[in-house]
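Only one chain is given next, in structure tokens, and it is the form predicted alone.
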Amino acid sequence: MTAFTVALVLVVAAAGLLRWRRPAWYWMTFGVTLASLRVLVRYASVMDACGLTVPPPRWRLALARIANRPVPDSRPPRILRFRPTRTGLVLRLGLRPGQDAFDVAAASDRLRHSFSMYGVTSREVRSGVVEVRMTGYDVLKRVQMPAKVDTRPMRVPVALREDGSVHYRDYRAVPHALTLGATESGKSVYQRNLVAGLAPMDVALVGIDCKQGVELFPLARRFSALADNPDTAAELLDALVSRMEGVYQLIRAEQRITSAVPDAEIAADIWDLPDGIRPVPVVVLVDEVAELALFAGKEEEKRRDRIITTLVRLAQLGRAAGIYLEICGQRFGSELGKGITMLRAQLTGRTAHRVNDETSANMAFGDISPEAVLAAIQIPAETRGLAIAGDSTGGWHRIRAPHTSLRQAVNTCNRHADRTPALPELAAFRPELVSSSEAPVPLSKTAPVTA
């Protein structure tokens, strides 16, 4: 056996081992080159087999008849750009006359099989231009966020999409969102990623955790206000409404509506104000919304109506004042009482982890996309963190957040604790931090021993 043969065997064995144990490494070392060659060589024949070609124009057919030449072949879409990425390939195609972006989307599964890729998705960039993203391996099996992400104010990278791109939670584009998920579905990990991403930003975090604070109170050093029961939550939400009204008064005072001011400089929300006087934006995280909507008596029903009414008011009016809602829960339907469907209608962003029934998936995507409902109920129980993310436009993606332990999230919040703003309206709800030297407070009193 020659040295070349031995080296070739070792390379093939190393490639097979990497593909089995470390698919991302295999893709970067071997897979991207092989896949690029395969796509470029097979492109014309695959497009023809998938029905993505158009006949040649009449003038070419006439010219071929006049010159007594063979009839020209059908033409596939033009490749405008070909770019390898760390997870796959990106092709930007220029469609021929008579072709439609829906044709490419309908042929995505056939393209995946023909090019031997793990997944193929497409989206229309502009009229006549379609971007096809191919993934070389299952990027959601072991989520690894890229080292460089597009971070902007109020834009948080929280998960990875199945096409290898980063899924962002952009509060300025989608002010309010709803996150659903059954127990042990990965909803808490998604929330931790969100808090950890917001921690380095100039933003005030407000939490409502009616599970006695077990989810959000470990992150208290980065929160400007926290509530751990429905009674405190009702008062906290009223304080947020008062802050919202004060911010609107500031915007009115600084609108600068005069004939000498160009229209582009007239303020209509906090982002139009100068940096020196702009109020800090507020993100309100509700860990379990059902605990705010359930009641067992007349007094609790009054409190419940007060809470839901305040949430609806914040969802309708809070965006311009820089108040954004992040509502989480296991279920979110009309059985929670009046006002719930009105609140859900204001929550543009929708994320659903594994749910226990189809009705829960319909709560998230029934008014958006039937395909997203089907994808949500097909999430396997053993794949924690996998979710379907969509919005009111009807588009949806399969995403998965990287695993972030509670310890990692706490460390991130503690590291950026100096960024926690003190809001006067919410001073009464600022969490009290207990030092490690103090004895823990028991949750219940010990009954005295009687003889």
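We number the residues from 1 along the sequence you see. Computed from a predicted structure; not experimentally measured.
Not pictured, yet referred to below: the form predicted together with a small molecule.
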item	value
Candidate from 189, 90, 273, 312 lying within 4.5 Å of the small molecule in the predicted bound form - any heavy atom	189
Contact assignment for the small molecule in the predicted bound form, among 170, 367, 184, 202, heavy atom within 4.5 Å	184
4.5 Å heavy atom contact, residue 413 to the small molecule in the predicted bound form	no
Contact flag, residue 397 vs the small molecule in the predicted bound form, heavy atom cut 4.5 Å	no
4.5 Å heavy atom contact, residue 419 and the small molecule in the predicted bound form	no
Residue 401 within 4.5 Å of the small molecule in the predicted bound form, heavy atoms	yes
In the predicted bound form, segment of 32 to 40, 381 to 389, 421 to 429, 46 to 54 with a heavy atom within 4.5 Å of the small molecule	381 to 389
